[in-house]
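The form predicted alone is given below as one chain in structure tokens.
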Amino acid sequence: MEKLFRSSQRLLNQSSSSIFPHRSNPNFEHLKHISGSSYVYGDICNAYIKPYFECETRNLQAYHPLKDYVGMFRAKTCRIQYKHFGSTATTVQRDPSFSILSSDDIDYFVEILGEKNVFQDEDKLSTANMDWMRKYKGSSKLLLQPRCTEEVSQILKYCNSRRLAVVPQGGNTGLVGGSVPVFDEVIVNIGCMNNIISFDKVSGILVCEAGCILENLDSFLINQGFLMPLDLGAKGSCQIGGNVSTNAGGLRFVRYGSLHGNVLGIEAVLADGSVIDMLGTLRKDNTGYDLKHLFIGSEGSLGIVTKVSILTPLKLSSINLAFLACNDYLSCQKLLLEARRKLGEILSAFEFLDHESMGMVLTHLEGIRNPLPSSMYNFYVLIETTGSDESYDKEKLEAFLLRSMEGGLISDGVVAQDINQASSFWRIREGITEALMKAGAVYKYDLSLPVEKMYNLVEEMRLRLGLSAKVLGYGHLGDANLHLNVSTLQYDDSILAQIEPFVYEWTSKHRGSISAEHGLGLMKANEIYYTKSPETVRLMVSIKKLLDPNGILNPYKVLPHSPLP
């Protein structure tokens, strides 16, 4: 009882000065300007984000993350066998119907784009051919940087006529190999298409080109009194076109929902060069099929998104962040239910991590301190509230925390007193990926599961693997999104055989999704049947054939390499 009193007092005392203006970046302390165009970004790892490719400066600049990670790649002339480090070894054959790039092709692209936007040098291609985690590596010999929709149209029309395969690329921050070539596909990077076209201060509707960096859009909107409905760890380098194409989720999902709800319209270029103008700015438009949803989450396999219209919410001034400890997963579940009931409209984030995740961060990341140093707990929860009435929000949060402490749902906790403390709390949650990379090999899974079943998978995986690996569970509890990570000193086929296909079978058995927010890409294209029925996949394949009959757009991704009959 005495401990309960002390903990309750600490929560209430520290919450008395917990209101801070806003969190435009979840890692304020970890995004530091180094020079004119280089930054240290702390969301995933402290590595430089340098200019991806020089291009004409307009409203925004494009950056590409250069991260250190140990990967493996083995290529042959017409087939590739690679290990995903999170998916079983897979053999993919190059589609023989695709043409080989010729000097005439390059001359054509130089003619329409200019020499400065056609890249063949090895340094730039080595960056574009590999994902930021260095897990997937292609062998493209050509990168193109169009500056407008018309140039994208000309590129695709020509590539389709020549049967040259194409991989669309934005910030290249994906986790499933969706934005890099598998073989020699032509890379079409839209980073120079970075104009903000319009912003309506009354409706909050933003129209921009697909190459705009998410964080730059958020900064622009904050100055207007709004913010992006999307917040990701990779916001300093990911681009809105890629976000839309992968239907990215992130930290604000529990408050603002998915991009299927926030994107009002898009402009996209099909494989034959046709420009589809669906760039509406109306919240209500019930005329026929809403085709934009085909492109949201299709990972560039149906068309290249070139412009986006998105509804942005107002930036509210009262934000609180609590870092809490729970003894068991059941308490985390009950806390989520109570947060929805008692905090209601001001609840903006509900994240969780287990003791293995916390230990991983404290062990491998410098400068990280445990906000609750008196003990290590089984589970930790971050609850963020966002509202417009400072005193009302403060009172509501304090009452919720006190009731939860008295009811035994919370074992301990603190509330951020200023923006720096809030940043340090978010750094723990968002630093798990970096810590895992520093620890050695990691097998990563992004799953949607019923909340009550989510952590059962983590526990069962620990039983399967025993002392051979560390199993971590963390993620967006408010969205029922589990990030299951298995950490080992080095990659081991015997360990992978224990993980897969068990993880997919378990997810399918509980009617979950094998891809909550990362997409399928190359990594999970062949695993789609664990979540989607054969009939559904056949319909997807027919849509792909209708819009891209030659299959040139992002081949080998999203759909299974050998669909069921």
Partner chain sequence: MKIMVAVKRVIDYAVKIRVKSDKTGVETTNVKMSMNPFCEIALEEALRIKESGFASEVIVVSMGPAQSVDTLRTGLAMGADRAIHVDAPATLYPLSVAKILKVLVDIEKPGLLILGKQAIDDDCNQTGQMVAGLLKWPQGTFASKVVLDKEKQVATVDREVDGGLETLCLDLPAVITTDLRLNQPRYATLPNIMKAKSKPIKKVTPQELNVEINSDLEIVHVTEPPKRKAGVILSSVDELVDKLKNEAHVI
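Just so we're clear, the structure is a prediction, and the values are computed from it rather than from any experiment. Positions refer to the first chain, counted from 1.
The form predicted in complex with the partner chain exists for this protein as well; it is not shown, and the discussion that follows is about that form.
Has each of L496, I499 and S508 got a heavy atom lying within 4.5 angstroms of the partner chain in the predicted bound form? Negative, none of the three is within 4.5 Å.
Let me know the one among N129, T433, S424, Q333 whose heavy atoms come within 4.5 Å of the partner chain in the predicted bound form, would you? The residue in contact is S424.
Only one of D418, E345, E111, D123 comes within 4.5 Å of the partner chain in the predicted bound form by heavy atoms, so just point that one out. Contact residue from the list: D418.
Region of this chain that lies against the partner chain in the predicted bound form, out of 403-411, 230-238, 347-355, 442-450 [heavy atom, 4.5 Å]: Flagged stretch: 403-411.
I'd like to know if G138 sits close to the partner chain in the predicted bound form, meaning any non-hydrogen atom pair within 4.5 angstroms. No, G138 stays farther than 4.5 Å from the partner chain in the predicted bound form.
Please tell me whether any heavy atom belonging to D290 falls inside 4.5 Å of a heavy atom of the partner chain, as the geometry stands in the predicted bound form. Close contact is absent here: in the predicted bound form, D290 is far from the partner chain, nothing within 4.5 Å, heavy atoms only.
Taking any heavy atom pair closer than or equal to 4.5 Å as contact, tell me whether D105 reaches the partner chain in the predicted bound form. No, no contact at 4.5 Å.
Exercise: V180 in contact with the partner chain in the predicted bound form, heavy atom 4.5 Å: No, V180 stays farther than 4.5 Å from the partner chain in the predicted bound form.
Looking at the partner chain in the predicted bound form, which residues in 316-330 have at least one heavy atom within 4.5 Å of it? Read in sequence order, the residues that approach the partner chain (within 4.5 Å, in the predicted bound form) are S317, I319, L324.
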